[in-house]
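Shown below, as structure tokens, is a lone chain in the form predicted on its own; questions about how it binds or moves come after it.
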């Protein structure tokens, strides 16, 4: 279970007022279950963990089998079509080890150097592609997919594309669906009632993760168990996602404009990237929404710590912590003690990191930065599943509390329209 700790509330509201916040947030939690809120056509993610488990064994084993002999598998997608998978994969991967097959990403930006280097790297390798796009025409992944399929053809595999490509797309329509049907590609469906940023527990996230060797069953089990912990039938005061969403609304009402997610483990940095899209696209509408930012502790204390401690009071901070990190690496004793570190000799490095996080938490609190903590027991697939579903549920409630539709993103089209015009698209 996720532990949400907050000892900043009493600085802002009396206990009875906080109870009102909790009760109000519970009405928004109910909307996510009874479909009475805006965007109710996109609530398929709410109960998804309970049904996704039934699909995992057979379908994903076929994807694993297709890609298991490849040197590299390139996941092509942008936004919600890649962030969930990348967040989980980075969290669970060893920093200096390669998975088998090696998992790389493309189509999440338009940098020519990156994609040119990728093509050079793949030139003499046997590689596969997992392309993820509802329409098949989103510019960034469509360009990357065209480049990668062109390389497959140059490798002499024009007639073997179905042995190298998995498509995750719409069930019936769109350019990628048409191609998948034409070439008889292995394909998976992006559910119509689940938006991209809520899609990590659909094939969008699960297929790439299964191919990478992640225990996707444990991931979904964690999400399923968390869904029971934070359902609308739970008492508001006992619901950690509801309390987190309520505190965010309180901060908005107190004129805070930025939430910083402070990771205490670098492995969770892409979880923060996923979190930023989740809350940014869901809440940033109609002149409303907290700006989601993130830092990595302790690295960013040496660049942004001063501002957070004493800068413009526009932010509050949510610490994301792991309560039971690996303690096998300890600090050696040094007879000379020139660096004056013998006072922590023989202690785990993870223990020092925990104390640094605790000290930072207290310092920022003392500096009048509102702080709270989200603590997971362990960095593994099960607990990551809990965490991601926790954030999805909190996001839905939080956006409803602001009076916006959590499931659309009308502002995204503005840059696309300008880009198409500049490129001469008719």
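Numbering follows the first chain given and starts at 1. This one's a predicted model, so the numbers in the text were calculated from it and none came from an experiment.
Here the subject shifts to the form predicted in complex with a small molecule, a form of this protein not shown in this document.
Undergrad: Test of understanding: in the predicted complex, would residue 135 fall inside 4.5 Å of the small molecule by heavy atoms?
TA: Output for residue 135 is yes: heavy atoms within 4.5 Å of the small molecule.
Undergrad: Within a 4.5 Å heavy atom cut-off, is residue 197 in contact with the small molecule in the predicted complex?
TA: Heavy-atom contact with the small molecule at 4.5 Å: present for residue 197.
Undergrad: Would residue 277 show up as a contact with the small molecule in the predicted complex if we use heavy atoms at 4.5 Å?
TA: Within the cut-off, so yes.
Undergrad: Would you classify residue 239 as touching the small molecule in the predicted complex, given a 4.5 Å non-hydrogen atom cut-off?
TA: No - in the predicted complex, heavy atoms of residue 239 and the small molecule never come within 4.5 Å of each other.
Undergrad: Can you pick the one in 321, 281, 221, 317 that has a heavy atom within 4.5 Å of the small molecule in the predicted complex?
TA: Answer to the contact question: 281.
Undergrad: Name the residue from 79, 292, 325, 128 that puts a heavy atom within 4.5 Å of the small molecule in the predicted complex.
TA: Here the answer is residue option 79.
Undergrad: Of these, 231-239, 332-340, 251-259, 71-79, which stretch puts a heavy atom within 4.5 angstroms of the small molecule in the predicted complex?
TA: Stretch with heavy atoms near the partner: 71-79.
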